[in-house]
Ligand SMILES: Cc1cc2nc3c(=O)[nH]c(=O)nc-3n(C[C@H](O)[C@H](O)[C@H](O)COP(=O)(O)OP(=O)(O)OC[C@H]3O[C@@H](n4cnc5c(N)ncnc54)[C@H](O)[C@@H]3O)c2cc1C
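Form predicted on its own, single chain, as structure tokens, below.
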Amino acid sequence: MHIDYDVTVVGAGTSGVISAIQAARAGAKTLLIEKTGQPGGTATSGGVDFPGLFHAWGRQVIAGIGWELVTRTVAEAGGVLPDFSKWETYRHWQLQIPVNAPLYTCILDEALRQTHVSVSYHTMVATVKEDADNVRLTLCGREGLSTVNTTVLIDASGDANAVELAGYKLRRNSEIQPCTPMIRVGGYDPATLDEKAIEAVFHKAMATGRLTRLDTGMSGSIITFLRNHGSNCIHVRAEEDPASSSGRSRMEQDARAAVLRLYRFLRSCSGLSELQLEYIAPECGILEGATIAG
């Protein structure tokens, strides 16, 4: 089939959703394509439920649709925004705005419907071809292949996948930052733990190769992990380019292997025999591995 759009956005992470909403509000017939079944990207599928900083040195520097969607989610949840005027008192991460990820997903979808953005979940781009008038996309959905013509194509995939398919050059970063499987563990009370004993056992496990330093993030401390119930603590080194399906598959498997390794270790520690893995994000959180040349 051939369907024509003014604007097509690839990737329904926060930036892709914002791009699609802005285009639709401006009157453009807009299509949003997403490989998963929900919007939000890293903030939802990746479990990193704090979309970013909107203030610097006490002054708001980012507003617009992103601010609108995040603050709407906080209000719906009955939450309270940080006191941004206390930037000299708090560390920068304490001024991020955490959101309820499931609610944020619903708010994003509501905004897309309100602006009449056409959304195609469970869909990936197979080919991208430009001509003088438009861009033709071959899409791969659950029902097979289809063709879309669009005047403007916005690549919000995170890895510049559509740009590369169109034949443009990318810069691959020589080093890829470690990725983060977001998890939550429970079934214990941190206040009752013998922290010194557990920390000693943890360092012995690292020394013998049972665990790695990245298994508990950059802190190198199991106590930080336990006090935070695991949130944003595990890092995994990407062994292949995660912009490719094979590289992303390797990374996802390595991430879950790290989670299972740490889970088994912790349940062997005193006071943690009832520890439970309560949540793991559907996708591993990762920063960009490529940028567009030029």
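Residue numbers here begin at 1 and follow the sequence given. Note that the structure is a prediction, hence the values are computed from the model and not measured.
Just so it is clear, the following notes concern the form predicted together with the ligand, a form of the same protein that is not shown.
**Student:** Does the trio 34, 50 and 285 actually contact the ligand in the model of the complex, every residue with a heavy atom within 4.5 Å?
**Tutor:** So, yes: the whole triplet contacts the ligand.
**Student:** Heavy atom within 4.5 Å of the ligand in the model of the complex: which of 222, 148, 99, 156?
**Tutor:** Contact check passes for 156.
**Student:** Ok, 161, 71, 134, 115: which has a heavy atom sitting within 4.5 Å of the ligand in the model of the complex?
**Tutor:** For this set of options, the contacting one is 161.
**Student:** For the chain shown here without its partner, which stretch in 23-31, 41-49, 253-261, 55-63 has non-hydrogen atoms within 4.5 angstroms of the ligand in the model of the complex?
**Tutor:** Going by heavy atoms within 4.5 Å, the stretch is 41-49.
**Student:** How about residue 123: is it within 4.5 Å of the ligand in the model of the complex, going by heavy atoms?
**Tutor:** Yes, residue 123 sits close enough to the ligand in the model of the complex that at least one of its heavy atoms falls within 4.5 Å.
**Student:** If you check in the model of the complex, is residue 180 within 4.5 Å of the ligand, heavy atoms only?
**Tutor:** Yes, contact at 4.5 Å.
**Student:** Does the ligand get within 4.5 angstroms of any non-hydrogen atom of residue 228 in the model of the complex?
**Tutor:** Because no heavy atom of residue 228 falls inside 4.5 Å of the ligand in the model of the complex, the answer is no.
**Student:** Going through 224-252, which residues have a heavy atom within 4.5 Å of the ligand in the model of the complex? Please give them in sequence order.
**Tutor:** Heavy-atom contacts to the ligand in the model of the complex: only 232.
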